[in-house]
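In the block that follows, a single chain appears as structure tokens, in the form predicted on its own.
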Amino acid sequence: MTDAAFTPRVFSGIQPSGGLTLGNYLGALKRFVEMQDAGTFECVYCMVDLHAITVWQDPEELRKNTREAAAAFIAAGIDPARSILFNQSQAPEHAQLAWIFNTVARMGWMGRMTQWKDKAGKNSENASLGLFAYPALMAADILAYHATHVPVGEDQKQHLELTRDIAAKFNHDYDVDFFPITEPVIEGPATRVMSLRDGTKKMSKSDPSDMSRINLTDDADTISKKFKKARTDPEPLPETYAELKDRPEARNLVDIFAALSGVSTDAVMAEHGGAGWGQFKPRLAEVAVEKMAPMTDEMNRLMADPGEIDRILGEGAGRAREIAAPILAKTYDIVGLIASK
């Protein structure tokens, strides 16, 4: 850890590749709102559209998905006046700093990234260079703001560890104490929401079955129907959460109930332990509709006015660049680059 004093600042982002789900809300958006409302950190939230194009995107779909992701942030409770909300491509400092980090990061570090192996698979020779270098851009996203904390899911923890390695190597190579060693924030129930059809798999927009997930654009009837038809086992809920250890579908529904209700899993078990699924799932559906239907309505309202979303993102980008530009300029100076004044 560096000894320098850094402004407590959170950075995080969501890739606008379409189809945000309940998993995105409970695993990310809900926590982003909590961090904003706590007032402990300055919060910078981003639609990482440059990351999205590491695989081919239809241009019109990308624009739509970027606006839809922004609408989801706002509908979930992110206030663009209190947090900085923007899309990555409007702040060129991200790409400029990423190039410097490409010279700091080692090929071996990148090759060990689990997501690279998963996404490139056996066809790695045909994968884009951008996909391989993705973690260096992610490091730039974070460190362009000297972010001290990043809320991440377990699947992104390895990338954050690489961000820490890049910051440490840069500081060591140039004998400075310039970049913070960013800390991960991993906490809370249902940070990893699982499929409604298979409790061993993460809820994902890429699953061919729409019944496996709750989309943030689903209406109240669809949300209710999906929870009532969610896969479970024949046994009723046990008395304690620990007894759900080997029951992934049941545990997933309890986790979701706890996260949507804002209570502990133990509190859910205390109220519903011993209940059958015919009793629990309708109650879960009610809780989900009560929480999510207003979000869906607000997203629809925002998406009807794309110009307003673009205005919000543009203003956010301006505020983001006020932070990132001096950090990039100092980085150039440290490295020995001559930049325009």
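By rigid core we mean the largest C-alpha set that fits within 1.5 Å across both forms. Residue numbers here begin at 1 and follow the sequence given. Here the structure is a predicted model, which is why all the values come from computation and not from measurement.
The discussion below concerns the form predicted together with a small molecule, not included here.
Requested in this report: Report the stretch among 237-245, 133-141, 215-223, 75-83 that approaches the small molecule in the predicted bound form to within 4.5 Å, counting heavy atoms only.
Outcome: Result of the contact check: 133-141.
Query raised in the report: Since exactly one of 48, 285, 35, 313 fits, which has a heavy atom within 4.5 Å of the small molecule in the predicted bound form?
Result: Exactly one residue meets the criterion: 48.
Query raised in the report: If you check 251, 197, 146, 159 against the small molecule in the predicted bound form, which one has a heavy atom within 4.5 Å?
Result: Contact check passes for 159.
Query raised in the report: Honest question, do 96, 331 and 335 all end up within 4.5 Å of the small molecule in the predicted bound form by heavy atom distance?
Result: No: none of 96, 331 and 335 comes within 4.5 Å of the small molecule in the predicted bound form.
Query - the small molecule contact at residue 150 in the predicted bound form, heavy atom, 4.5 Å - result: Taking the distances in the predicted bound form, the answer for residue 150 is yes, it comes within 4.5 Å of the small molecule.
Query raised in the report: Cα of residue 205 displaced 2 Å or more between the shown form and the other one, core superposed?
Result: Yes, because once the rigid core is superposed, the C-alpha of residue 205 moves 2 Å or more between the shown form and the other one.
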